[in-house]
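Only one chain is shown below, in structure tokens, and it's the form predicted alone.
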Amino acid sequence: MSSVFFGPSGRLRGEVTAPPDKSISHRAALLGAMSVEPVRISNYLQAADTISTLNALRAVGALVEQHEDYVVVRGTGLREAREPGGPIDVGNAGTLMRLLPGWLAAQEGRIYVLDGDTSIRRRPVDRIAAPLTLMGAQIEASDDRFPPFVVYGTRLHAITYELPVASAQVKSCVLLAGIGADGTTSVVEPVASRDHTERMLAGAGASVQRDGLTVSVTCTDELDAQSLTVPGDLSSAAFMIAAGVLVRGSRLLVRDVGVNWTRTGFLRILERMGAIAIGALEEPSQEVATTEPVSDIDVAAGPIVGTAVEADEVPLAIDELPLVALLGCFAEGETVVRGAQELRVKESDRIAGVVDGLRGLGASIEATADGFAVTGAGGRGLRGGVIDAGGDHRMAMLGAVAGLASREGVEVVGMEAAAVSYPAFAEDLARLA
């Protein structure tokens, strides 16, 4: 593991382009493998997790060409995924691990084993196994819950499934299985979550309907995605945005950010805290769009106040909630996040990681069963110190931003983890400083 020290920074100035969206890159590649014609994916993220997806698709028979700024996937079609000769390695890609079985479960008579690294073996798959089993698939997981696990492909039937916890990954898994199942499959969410899968399926010719918090897909003979463009990743750009808010005197322009309304919860929380982060955000709609909106985000530093983030906001800001904790350290008053138990089953237990990590830097922060509470220090912010990323890319970037805004700087142990989603993060941050 490498340790990198991020010292207190002078003001951050300039422009940075957000890296390609990781969530959308995973989904675009999967859709390409399920399509009848070759699919060109522009601005595909070339990072560890998304390369795991390309390799997994190769294992089930897709042909993949990787170029510097685009990828071409020649797929097998909806129902012709090959049975590989060994386990499919998902690496550390939780999105891949939870979405791919939705497609594979409809491959009648074929068997697939999915496995990954040490971290992925601690991430549960029972939440996708439950609906897939109801649809007729057979899933065998280690201890009935963890990878490695086996997917037995079969003829699937449609269901209506009520998600016990809002999860775009579980929803997407069921929808991908639904387009290969007999009838119309519906997913009922407790609150809205990311809708990238629905948009892509609709754009590729599937019948997708939204009615309130219910999303439905109908059995499809074939998909034809043709060409896709991946927008900038708001979840990665959020670290630059947070740095621009926290480091005094900063003014940044973050270009080409995806501003799908199901992803902009963090920006709306920032606005409530008094931060200046201006962009042309998409407004919520019942229509299933087939494209992803993009905007530049103009960011300026300034004083912020604490806020409360409730359960209905969590799915729209799930990956940025660690940054909300960091912002809370520099805010006046208390910042509380509730209903975020999903953070405990990410690449690490992000509630424990954020609380322990920030407390070690001087924060007044307490963990709860489903979130955390931060008592802000206002202009004093954080002292600094050492934070261990624990193999989690977002914890690594959190530590770096904390270092720039702190009084004494932060040493990040395991900084290389950032390459999972944002390979050029440290370089971009250094250039702005």
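These figures come from a predicted structure and were not determined experimentally. A residue's number is simply how far along the shown sequence it sits, counting from 1.
Form predicted in complex with shikimate-3-phosphate (S3P): not shown, discussed below.
Taking the partner from elsewhere, Thr95 is found to have a heavy atom lying within 4.5 Å of shikimate-3-phosphate (S3P) in the model of the complex. When shikimate-3-phosphate (S3P) is considered in the model of the complex, Ala242 lies well away from it, no heavy atom lying within 4.5 Å. At least one heavy atom of Ser23 is located within 4.5 Å of shikimate-3-phosphate (S3P) in the model of the complex. Using a 4.5 angstroms limit between non-hydrogen atoms, Asp319 touches shikimate-3-phosphate (S3P) in the model of the complex. Scanning Ala137, Ala166, Leu78, Leu361 against shikimate-3-phosphate (S3P) in the model of the complex with a 4.5 Å heavy atom cut-off leaves one residue, Ala166.
Screening 152-160, 202-210, 137-145, 311-319 for residues having heavy atoms within 4.5 Å of shikimate-3-phosphate (S3P) in the model of the complex returns a single hit, 311-319. Contacts to shikimate-3-phosphate (S3P) in the model of the complex (heavy atom within 4.5 Å) from stretch 377-414: Arg394 only.
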